[in-house]
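In what follows, one protein chain appears twice in different forms, each by itself as structure tokens: structure 1 and structure 2.
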Structure 1
């Protein structure tokens, strides 16, 4: 494929900008420099801003006070590529196969943010833009955006805008336009369960000393009732029921149970009673065990009663739920259900507030018009199951909820080996950017 736009994306993906691994610190700066050069090349004023972590790249059109300003956010950092042996081709040697670009970051988020950059570039080549544009592209999204809120506060005046657009979400179905109007928040916790001072002989002490691994299993089992509801007291107190139009939108979603099962590689779906799978994914809060360990893990049998065990849990939250409040409830729950003979050490992890945008508002309708104009069909309105914690920071500090216009295909395998981005989605994203800017100018 000789399209120079695709060549740009391949070059972008070749840079191993892995924010979680310090060995790639130089690559992070190289990637930021590449973006500055690209933004300047399309005609923007661009530079890097230093933070206590990785640089933030800023690009701006010449400001016209008579026009609205649209801020476009993205990130240039990517997830670690491991396990490398599961990639068909090397993660940072992007290849095109069957109309898709394979490489780490192709979909999350390099392909999506570059589509917006090139869209602005093409629009500028055609004449003056209908709006002012600010690009804010950070290098720490995959590690929690730890310095972004501070940056937004410090540069609030320079980043003042009338709308915020982000493409960092997934389509409801392949090729189906999608506006994500809500994302779940997150609250993470690690629970360590301690028993005896050292591993014990399970024959000599078993039945007389509490087993931390068994206690961990009982605590995990206490998290849900038989109907799949989270059993923590007060967990649902602030959850608002879905509105009628939301349930209609979920029912009309092109994302089917069969597609969800196929993507997950399972034969049967299960979850909270009374809700469809689409509703469970985006509109209902959950508690998920992300890891568990304790005792002997090697080959064969070792008859020990382990001294300790652990599990990691994350709570995905919906609008009005507060991460800190949920973690406090979880602590009380685990203490209440702690079996005798063990002690708990609970450590809070990262958190982020849920996000909600009224898709029936003026900006939501503008985004829907742009999506329909480019894709030729009405967009699906979805509540996304994942979390982008910085959305709350944008809304609190800059005063606007973000428009989440998905370009990633459902089977993009973001964060997994063989991540990919359809070339057609990339080129469509360029057209979508131009349509969106026109609609937001109205």
Structure 2
């Protein structure tokens, strides 16, 4: 493939910008420099901004006060490539096979952000842009975006914009245009259940001393009713009900139950009564046990009554639930359902707010028009089940929700060995970006 745009992407992927591994600190800076030079090459003013962590790359078109401004966010850091032995070809020596570029970061997020950059470049080559553009490309997304909120606060005025576009999500189906208009928030908690001061002989004490493992299990069992609904009092109070068009969009989702079951490796899906699988994942909050432990876990039997047990729970939240309020309700619930004879120690973990953008609003409609124009079919409107807590920072600090336009195919294996990005999606992404800027200018 002699397309210089593909050659650009191969060069970008070749830089091992692994933010989690300090051995790659030099590569991180090299990658930021590469981006600055690429942004300058297409005609933007660009520079690195240092943070207490990795540099943030900023690129801007000449500002024209009469035009709207679109901020495009992406990240140049990638996940660690390990385990290396599971890669068909080396993660940082990208190869093209069957129309896909294989390499760490090809789809997450180098292919996607470079499509935006090259789209702006092509548009600029054709004449003045319909909008001002600001690129904000960070190097810590894969390690929690620890310095991004501070940066947004500090540069709030410089980053003032009318819309925000992010391509870091997945298509509902391969080649299917997709606007993700909602993501779930998250609230984490660990509950430790304490009983006797030490593991007891279950013969000598069993029956007269409350068992912390049994108590932990009863607390977990109290979290859901028989219909799969979360049984915490008030849990659903703030949930924004699905509107008619949302249920229609979910029903039209190209993501089938069969596909979800096959990906998960289960023979049967299961969840809250009254909702489809796509709705359960995107539009309904959950309480999931991520880990549980207590007592003897080795081979065979050890007849102890354990001194303690614990479980880790995360709540995935939907608009307009608040993580702090949910953790407070969960504490009340566990205190109320605490079986006799044990003590609880509850430790709150991290939280992140849910995200919701009305795709029937002006910006959502603009994004949909751009997607339909480029792909030739109506985009799927999806609510994703995962969480991107930084979206709340964009909304709060810059004052706009983000438009999440997916370019990664569902089988791109982001974060896994043999990550890839279809060349087709890359080239489509370049066209999409041009269309999007035009539509957002209206």
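Only the largest set of C-alpha atoms that superpose within 1.5 Å between the two forms is called the rigid core. Numbering follows the first chain given and starts at 1. All of these numbers come straight from a predicted model, not from anything done at the bench.
In this comparison, the chain shown as structure 1 is the form predicted alone.
Relative to the superposed rigid core, the position of the CA of residue 106 differs between the two structures by less than 2 Å. After superposition on the rigid core, displacement of the C-alpha of residue 97 between the two structures stays below 2 Å. A movement of the C-alpha atom of residue 193 reaching 2 angstroms or beyond is seen between the two structures when the two forms are aligned on their rigid core. Aligning the rigid core between the two structures leaves the CA of residue 311 offset by 6.5 Å. Lined up on the core, residue 207 has its CA atom moved by 11.1 Å between the two structures.
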